[in-house]
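Listed next as structure tokens is one chain, alone, in the form predicted alone.
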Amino acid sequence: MQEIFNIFIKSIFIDNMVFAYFLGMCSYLAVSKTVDTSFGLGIAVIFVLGITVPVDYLLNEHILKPGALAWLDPGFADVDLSFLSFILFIAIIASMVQLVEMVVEKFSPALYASLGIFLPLIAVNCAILGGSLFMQQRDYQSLAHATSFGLGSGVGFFLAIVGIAAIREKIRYSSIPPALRGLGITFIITGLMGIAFMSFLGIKL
């Protein structure tokens, strides 16, 4: 249980998808103009990562890894399907995003309209695919570990995008040099937030 909690906290603060790896920057920059839209996208990312990472873990463990098909027949013990990881992971991500899109459109049409093209683009968001690939690379020992990593990564992205959205709403009323207005000051603030998150490297997990 302690290990699961450690993975969850580490994936939020230390291995944050945005501030540690700068993944998912397209939607992070484009959608973070208001807190409302950022909140909606953040929740959608948590859901997608929380579902796709454990599903991809099961797929990797029982089908894709070298020798994973031994349960089917001992003759398949030497089969290695890991080269199919990219396409199968993306297929699962795309199906989950389609589910999220239908739910958001039905229950929150205003949020669906405000997110626009960036909601279906979660399917090709590098932070989502990165979560599954990091899970595969780190070779987590159980489904619970993979699920904790997926949820933690989603929460980390949620904190990042809602945090920058809140700051961007406030700095509209600040005196910013014309050359830095818009994405310029956003990149600077993102870098400072990344440095701030580096302080969590001192946490002993």
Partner chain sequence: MSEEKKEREPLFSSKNLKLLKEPLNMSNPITVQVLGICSALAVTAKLKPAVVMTLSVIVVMAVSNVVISLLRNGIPPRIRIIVQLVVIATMVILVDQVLKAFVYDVSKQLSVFVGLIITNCIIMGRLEAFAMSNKPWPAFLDGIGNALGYGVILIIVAFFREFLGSGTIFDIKVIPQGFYDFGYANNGLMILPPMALITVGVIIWVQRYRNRALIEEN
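Note that this is a predicted model, so its numbers are computed, not measured. Numbering follows the first chain given and starts at 1.
If you look for the form predicted together with the partner chain, you will not find it shown, but the lines that follow are about it.
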Exercise. Pick from 57 to 65, 38 to 46, 154 to 162, 172 to 180: which stretch has non-hydrogen atoms within 4.5 Å of the partner chain in the predicted bound form?
Worked result: 172 to 180
For this session: Would you please decide whether Phe83 lies within 4.5 angstroms of the partner chain in the predicted bound form, comparing each non-hydrogen atom pair?
Result: yes
Problem set entry | 4.5 Å heavy atom contact, Ala94 and the partner chain in the predicted bound form | yes
For this session: Examine Ser142 and determine whether its closest non-hydrogen atom to the partner chain in the predicted bound form is within 4.5 angstroms.
Result: no
Problem set entry | Interface membership of Phe19, the partner chain in the predicted bound form, 4.5 Å heavy atom rule | yes
Problem set entry | Contacts with the partner chain in the predicted bound form, stretch 174 to 200 (heavy atom within 4.5 Å) | Pro177, Pro178, Ala179, Leu180, Arg181, Gly182, Leu183, Gly184, Phe187, Ile188, Thr190, Gly191, Leu192, Gly194, Ile195, Met198
